[in-house]
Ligand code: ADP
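One chain follows as structure tokens, the form predicted on its own.
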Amino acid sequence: MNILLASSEVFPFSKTGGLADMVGALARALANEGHEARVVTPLYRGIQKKFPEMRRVDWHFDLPLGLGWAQADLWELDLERGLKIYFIDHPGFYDRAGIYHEGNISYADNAERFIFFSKCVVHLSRYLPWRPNVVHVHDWQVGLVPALVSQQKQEGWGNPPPIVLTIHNLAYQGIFPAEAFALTNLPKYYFHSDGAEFFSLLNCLKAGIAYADSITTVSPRYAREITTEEFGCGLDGLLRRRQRVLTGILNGVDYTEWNTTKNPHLFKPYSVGRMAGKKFNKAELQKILGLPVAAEIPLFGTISRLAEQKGVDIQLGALAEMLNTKMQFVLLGSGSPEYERGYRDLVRHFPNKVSVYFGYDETLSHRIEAGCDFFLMPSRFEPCGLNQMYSLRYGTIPIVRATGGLDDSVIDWTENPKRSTGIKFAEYNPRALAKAIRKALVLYSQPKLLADCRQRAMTSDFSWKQTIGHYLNAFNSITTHKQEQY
């Protein structure tokens, strides 16, 4: 199949979170399975310098954007056989210090930036000599693509490719004032309660849900959760109406990137059969963090956006209690200034037990995954989550709240002692998380049980080979057995 993927961020070119990892890995997995995958994404600042081998394409976008027009150029990069990346080059929109915001303040013109990006995706899908059999769009930034294709179809665009929308996090919907709808140049009948309108505002993700041919989300449990009022973020009614085309597919992990044996980020390689390297990574991590180097003290870690969704409030409460016990904690992340102050307070109260790094560092993220004994993910909700799956491969036991993809990917002792790979808790409060941490301390005190749990964790398989078939089924279900050209 020919699959055109569209995303506002794609690893290794741009990244703020798991969206970039997933899209980059999915594209590579499709290519490795013999399909032709092409990805379209904005050309952000710094990409061209890091990848000077990219080429300018003889292609120019000149597209309506409300009452005006916007122009852009196109660049391309061949990554490997069957995989090409297209970059939309509009310096005014994308040559900036951040992708969506600076200093936690969203760019005021995000509506223009990503409505234009959506139009570029539609333009490519229509006019590329290479014809996609399916267009796969990701999250609100390209949520308007299904509506734009629907409108072009009504205007006589023969047989456009079907559109699959993947929801990575329903909480982020791309909501803008009603006036922003004019930027789409869509007829007014798309702006209604079953379309792009949301309480008199423009909702880009809602438009995608309403008009996509197929909808997927990133774990089976999350697909069920978002049809409920508790997790539906105001769109549960529409999602229930579209439930027939809604599927949950658990994300895969790119083990060529996230592994413990051939990883330039780690201090020393290790594997299930040779675990000495993990102890060495822990000791070196403790050194660079400024923590006492002590093998007998369990080291807990978190890599996360500091947002309410991630359970930061209950984690701060649980750590304030549990750091009085024999444990250490490291954080890599950034976000809410209030939450950052909370972690600084922990450092001040427990200087020999807590280390924090505000920001993101790819090398440090791998070192935390490898050097820690336990990984904390107490999310209020979690569509899929990838760090718990990275942790499993690194032999770092995940402690997770039983929600979304965390529940789908971690097996607790109470569910199956012979298959357990981590620790789960259900209630969303500091007391429940503290209890889970106490369970981890007990597990750490029993080396045989810990070693067995680590072995099961490290041999868990969340590779894209397990996942790609589900996506191909979703693509095939909305295309005919003989792909038609248009």
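In this text the structure is predicted, and so the values were computed from the model without any measurement. The numbering used is simple: start at 1 and walk along the sequence shown.
There is another form of this protein, the form predicted in complex with this ligand, and it is not shown here; the text below is about that form.
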**OP:** Identify which of Glu155, Glu102, Glu230, Asp361 has a heavy atom within 4.5 Å of this ligand in the predicted complex; exactly one of them does.
**Re:** Asp361
Original post:
Which pick from Thr396, Asn387, Gln315, Ser118 sits with a heavy atom within 4.5 Å of this ligand in the predicted complex?
Top reply: Asn387
Original post:
Among 147 to 155, 233 to 241, 261 to 269, 376 to 384, which stretch has residues with heavy atoms no more than 4.5 Å from this ligand in the predicted complex?
Top reply: 376 to 384
Subject >> Contact test in the predicted complex: Lys310 vs this ligand, heavy atoms, 4.5 Å >> reply: yes
Subject >> Contact label in the predicted complex: Gly17 to this ligand, heavy atom within 4.5 Å >> reply: yes
Original post:
Using 4.5 Å between non-hydrogen atoms, is Gly248 touching this ligand in the predicted complex?
Top reply: no
**OP:** Find out whether any non-hydrogen atom of Leu332 is located within 4.5 angstroms of this ligand in the predicted complex, and reply yes or no.
**Re:** yes
**OP:** Output the sequence-ordered list of residues from 294 to 312 with at least one heavy atom within 4.5 Å of this ligand in the predicted complex.
**Re:** Ile303, Ser304, Arg305, Gln309, Lys310
